[in-house]
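Take a look at this single chain, the form predicted on its own, given in structure tokens.
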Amino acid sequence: MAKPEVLIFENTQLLVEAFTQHFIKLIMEKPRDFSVALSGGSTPKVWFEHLAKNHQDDIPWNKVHFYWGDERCVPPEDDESNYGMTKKYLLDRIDIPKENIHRAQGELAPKEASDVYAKDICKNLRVDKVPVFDLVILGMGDDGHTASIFPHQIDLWNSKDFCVVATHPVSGQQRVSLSGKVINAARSIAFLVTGANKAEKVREILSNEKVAATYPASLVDPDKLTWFLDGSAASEINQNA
């Protein structure tokens, strides 16, 4: 595993501001369309609100293509829809072409939603052996899951398919998720992780502790990986190591 860059910020707002500059830099470096797979969760919501309020005009939204790293198998208007959250807090507030939005259709039957989404990704992204995103944004659960691949289904990470159907270990809710080979093929990956409840897993993964191998988040290994952490999430790591 290549050594990731680890950036630590005092609070979520400072993290979001720094990640925004990282995001803009990546977009500007790309001469043509820029593809990004988004994450759900509380930190991306703060980021979406920040973009909508402060960056409506200085980002070339016409070249940005939004995808999602995972989606719950619910209709887009459902409160649990990752797409729905992004639409409410970002997409409805910026000027972006409708054809630049590539959502997983959570209202379909799970396997159908997964297959249709995989076809859409392959249609719109250059595919050699695996479709390549310019950026994949990931969160991490306090159980070490990322995207919607949970520890009890960690074998889904190595699926031969580009998209998989995963099941939440508690609720039983089914979700469509990018597989590990698509995630790791991205040109760049950013983890956005906040909160003290993530600190133990952050330490175990960044220190390569043996137990970390049971966490899907530990399997993220692209050419370029950056962890954006707030102080609480970073509280157990040795920052002088």
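Every value quoted in this text rests on a predicted model; they were computed, and no experiment measured them. Residue numbers run from 1 along the displayed sequence.
What follows is about the form predicted together with a small molecule, which we do not show.
Query raised in the report: Judged by heavy atoms and a 4.5 Å cut-off, are 35, 136 and 188 together in contact with the small molecule in the model of the complex?
Result: No, none of 35, 136 and 188 comes within 4.5 Å of the small molecule in the model of the complex.
Report task. Can you check 119-127, 142-150, 94-102, 158-166 and let me know which stretch has heavy atoms within 4.5 Å of the small molecule in the model of the complex? Result -> It is 142-150 that comes within 4.5 Å of the partner.
Query raised in the report: Could you tell me if residue 198 has a non-hydrogen atom within 4.5 Å of the small molecule in the model of the complex?
Result: Result yes; residue 198 sits at the interface with the small molecule in the model of the complex.
Report task. Give a yes or no for residue 216: in the model of the complex, does one of its heavy atoms lie within 4.5 Å of a heavy atom belonging to the small molecule? Result -> Result no; residue 216 lies far from the small molecule in the model of the complex.
Report task. Report yes if any heavy atom of residue 87 sits within 4.5 Å of a heavy atom of the small molecule in the model of the complex; otherwise report no. Result -> Residue-level check for residue 87: no, no contact with the small molecule.
Query raised in the report: Does residue 82 reach the small molecule in the model of the complex, with heavy atoms at most 4.5 Å apart?
Result: Residue 82: contacts the small molecule in the model of the complex.
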